[in-house]
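Here you get one chain, nothing else, as structure tokens; it is the form predicted on its own.
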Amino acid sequence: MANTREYLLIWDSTMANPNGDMLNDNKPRHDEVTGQLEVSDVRIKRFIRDEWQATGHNVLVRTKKDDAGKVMSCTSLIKEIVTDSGVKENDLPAYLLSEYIDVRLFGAVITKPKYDITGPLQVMWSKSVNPAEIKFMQGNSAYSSGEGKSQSTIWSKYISPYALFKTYAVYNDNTAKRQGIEVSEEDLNEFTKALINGLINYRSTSKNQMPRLLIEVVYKEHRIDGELNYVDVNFDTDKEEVRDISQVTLDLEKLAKYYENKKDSIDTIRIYWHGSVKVENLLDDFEVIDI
């Protein structure tokens, strides 16, 4: 069983909509009081699941269409899995945990037969460090909306020029043990790789994000800090005017103090570092890996 660990991912989004709110004209999710952008855990896990699928892992929570081209329900998808695998209903939870990495780490809610599996790895909602502007953009597309039109269609969308996010995640070995889920070091390595590469590989005009620093704190025994918010973000300009990662410095002084104070319970601190971001107070004891 892999030991408990915590993650803090620092990533940015440039000229994009990091997480549109379908109930609000697909504007970037934001806190109307502070001006900070928000990103749901579902959005982050979507990057990870897409990367897992692209690299050959079985993923349960995905959009799949049936032979008629209709999007399958959870019940239909489970029924298909049961039919194809021949697994008995009582053995279904163990089968899903064995075959699907997203079930093993994130858990799942199965509607019929009814099963709830709480994932030992939880990803929290993210907020941007800086208050971020939201812009409404319009332009002409190449095509008209139909035959006989004299003008092409006008597209419109909301974007934000720049936002820098912190995303916290935790793997809790006690949660895994309570449910009989066997999580390996390889599972967590695959999570780390998919977290980094998922953000990099799934970029578009709508989603344009990059991982800048990922901190992974592996404990010798069960221990959870609960936030791991030990990175100060210093901007070279006003927070409202920042537009690029070159205007950002990440200070790890608080993380170094946390390590010194909790050294007896910490096995390893890994720092996955994108070379474009400036970092201060990086201890030699930290294991540094280039992104």
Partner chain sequence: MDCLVFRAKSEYAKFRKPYTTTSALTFLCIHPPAVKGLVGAVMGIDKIDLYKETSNLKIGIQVLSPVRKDMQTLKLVSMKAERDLFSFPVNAEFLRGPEYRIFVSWLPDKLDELEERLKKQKPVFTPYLGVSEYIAKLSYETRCDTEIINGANSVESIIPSRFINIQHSDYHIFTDNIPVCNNEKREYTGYEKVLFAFREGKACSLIGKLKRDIYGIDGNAVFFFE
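Predicted model only: the values in this text are computed from it and were never measured. Positions refer to the first chain, counted from 1.
The following text describes the form predicted in complex with its partner chain, which does not appear among the structures shown.
Going by heavy atoms within 4.5 Å, which of 143-151, 215-223, 180-188, 193-201 lines up against its partner chain in the predicted complex?
Selected stretch: 215-223.
Test of understanding: in the predicted complex, would V123 fall inside 4.5 Å of its partner chain by heavy atoms?
V123 belongs to the contact set for its partner chain.
Is K207 one of the residues lying within 4.5 Å of its partner chain in the predicted complex, judged by heavy atom distances?
K207: no contact with its partner chain in the predicted complex.
With the cut-off set at 4.5 Å between non-hydrogen atoms, does D244 touch its partner chain in the predicted complex?
No, D244 is distant from the partner.
Are any of the heavy atoms in V170 no more than 4.5 Å from a heavy atom of its partner chain in the predicted complex?
Residue-level check for V170: yes, a contact with its partner chain.
From the list N90, T83, S73, Q138, which entry has a heavy atom within 4.5 Å of its partner chain in the predicted complex?
Only one option qualifies, and that one is S73.
With the distance limit set at 4.5 angstroms and only heavy atoms considered, check whether R29, T111 and K262 all reach its partner chain in the predicted complex.
Looking in the predicted complex, the three residues R29, T111 and K262 all sit within 4.5 Å of its partner chain (heavy atoms).
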